[in-house]
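Only one chain comes next, encoded as structure tokens, the form predicted on its own.
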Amino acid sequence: MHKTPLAGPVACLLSACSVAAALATWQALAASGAVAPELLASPAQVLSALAEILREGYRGTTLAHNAAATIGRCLTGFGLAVILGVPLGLLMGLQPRAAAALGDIVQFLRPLPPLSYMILLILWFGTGDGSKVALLFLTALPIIASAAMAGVRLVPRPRILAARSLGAGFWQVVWHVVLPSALPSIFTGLRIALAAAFSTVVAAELLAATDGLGWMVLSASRFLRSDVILLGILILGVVGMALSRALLLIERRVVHWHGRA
């Protein structure tokens, strides 16, 4: 039986309790000595590392710069994938010939681990942002295109026939019938693609980067700075959640009719 998700004070209270329990467990584990201090910093040490980095930076970079570098790479690659992937998916959904011609390529890229061709992209575009943006673009593109194509194919046939019977042309049907009906599926694909792109940009920064949150975590690991490592992980989690929530808010404004009776 479907139940409405909790919202308001009750949801906030439950969330705060779970976060407090996680922090208490973390603190107890760090204080117990079961894990060496240099391998597991306490919450207080992580807060101290945050204050230190905000005050002095980390290896010549600021925390804001590293966060902006990671977010910028992620949104650039994701944005390019949206620009090409949505029209491509709509085309494949509307035109069987386009689906036959391009479908296998899209489905080949979709399950392919992105980092498997990272080295090739580095050889082509160098170790700068170009290779990382290309990697994120190729990561998100097949997910978005597949979602858009599936959304088109889920449009009820009677709805299209009704629009045509009222005199709507091809592009009117696409704009006023197909696209609105496919938007929920498209946004589902966008959320999945954004999560995939964000996890991939961090992995790409671990391989080749001179800034970014992933680079900061890797750099800290070389000096056994578990406080900085954990700080980077926490910030990555918060940033990932913020990006996902932002996209969800956009979906609610754009597809405001979805889910209503």
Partner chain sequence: MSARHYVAFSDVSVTFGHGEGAVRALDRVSLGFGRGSFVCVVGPSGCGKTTLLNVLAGFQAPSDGRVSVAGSEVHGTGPDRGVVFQQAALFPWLTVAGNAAFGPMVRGVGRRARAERAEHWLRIVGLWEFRDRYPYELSGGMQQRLALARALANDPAILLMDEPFGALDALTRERMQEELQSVWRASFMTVLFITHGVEEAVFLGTDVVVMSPRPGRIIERLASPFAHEAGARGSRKVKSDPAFVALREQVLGLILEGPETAGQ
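Positions refer to the first chain, counted from 1. All values derive from a computational prediction rather than experimental measurement.
The same protein also exists as the form predicted in complex with its partner chain; that form is not shown, yet it is the one meant from here on.
Peer 1: Though only this chain appears here, would residue 165 touch its partner chain in the predicted bound form if you measure heavy atom gaps against 4.5 Å?
Peer 2: Yes, residue 165 lies within 4.5 Å of its partner chain in the predicted bound form.
Peer 1: Give a yes or no for residue 180: in the predicted bound form, does one of its heavy atoms lie within 4.5 Å of a heavy atom belonging to its partner chain?
Peer 2: Contact check for residue 180: yes, within 4.5 Å of its partner chain in the predicted bound form.
Peer 1: Looking at the partner-bound form in the predicted bound form, is residue 100 within 4.5 Å of its partner chain by any heavy atom?
Peer 2: Result no; residue 100 lies far from its partner chain in the predicted bound form.
Peer 1: Tell me, yes or no, whether residue 161 is in contact with its partner chain in the predicted bound form, where a contact means a heavy atom of each within 4.5 Å.
Peer 2: Yes, residue 161 is a contact residue.
Peer 1: With its partner chain left out of view, which of 172, 127, 188, 76 would have a heavy atom within 4.5 Å of it in the predicted bound form?
Peer 2: Among 172, 127, 188, 76, a heavy atom within 4.5 Å of its partner chain in the predicted bound form occurs only for 172.
Peer 1: Just one of 153-161, 85-93, 138-146, 116-124 has heavy atoms within 4.5 Å of its partner chain in the predicted bound form; which?
Peer 2: After filtering at 4.5 Å, what remains is 153-161.
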